[in-house]
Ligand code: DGL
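In the form predicted alone, a lone chain appears below as structure tokens.
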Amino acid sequence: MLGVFDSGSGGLTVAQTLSKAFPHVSMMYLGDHARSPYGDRPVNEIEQYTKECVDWLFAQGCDQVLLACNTASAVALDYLDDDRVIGIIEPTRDWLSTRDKEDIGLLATTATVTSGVYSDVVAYQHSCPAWTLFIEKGNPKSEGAKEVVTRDVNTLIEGRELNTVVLACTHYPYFHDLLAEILPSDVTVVDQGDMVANWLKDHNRPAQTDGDSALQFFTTDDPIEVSRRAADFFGSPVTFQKATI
């Protein structure tokens, strides 16, 4: 069974892609919604929270765990030091390394940008600390959210001839339609779901099973409220259960 971890609901955008790419793989998703977002937390907290959640997934019977969270991958992967844990950074770096970095802009959390994990494969990065907060705790459809997203995008692209913007936070595809309105029509917006699925296939992971697969969802917060918001990420109704960590 593959565990998929994110600080909140963003990783559901990846889980949805993986469920289609690996229809015979059972998956267990865990969102640490009670402590989300991670992006502006101190390094030691990100490391501690990520380890607690990964350990919980292994305790439930997962064979491997994907950190579908750029912040956790950038900050905590080395701290975990476990071959069974896969970070979302490596598949993204592999994809970026085949492109001209001068053509690409990247949007991510403060922790991801500060970590420098993408600095050698992309020329332009901008941190968007408020985006995840709007999505997880506020009203992402508000005028305030639209103003913040517009400001951040314009900061990234101003004076640059970019042809691609990579969303290096799995929450950010929530704003995909808004980004399409803001960005020039010749700029392509790319998220990480397909990057991860293709990378896993290339590396023969995860192990396929026979028959039907199971897909379970857990949260550290109120499962009713999390389930209500989660459908916007997963594309269909999702029922979360409570995880006590």
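Keep in mind that this is a model prediction, so the values were computed, not measured. Numbers follow the displayed sequence, beginning with 1.
The form predicted in complex with this ligand is left out here; the points below concern that form.
Only one of 155-163, 104-112, 119-127, 75-83 lies within 4.5 Å of this ligand in the model of the complex by heavy atoms, and it is 104-112. This ligand in the model of the complex comes within 4.5 Å of a heavy atom belonging to Tyr38. Under a 4.5 angstroms non-hydrogen atom cutoff, this ligand in the model of the complex has Thr170 among its neighbouring residues. Looking at Thr92, you'd find every heavy atom of it more than 4.5 angstroms from this ligand in the model of the complex. Residues are counted as partner-facing when one of their heavy atoms sits within 4.5 Å of this ligand in the model of the complex; in 113-141 only Thr132 qualifies.
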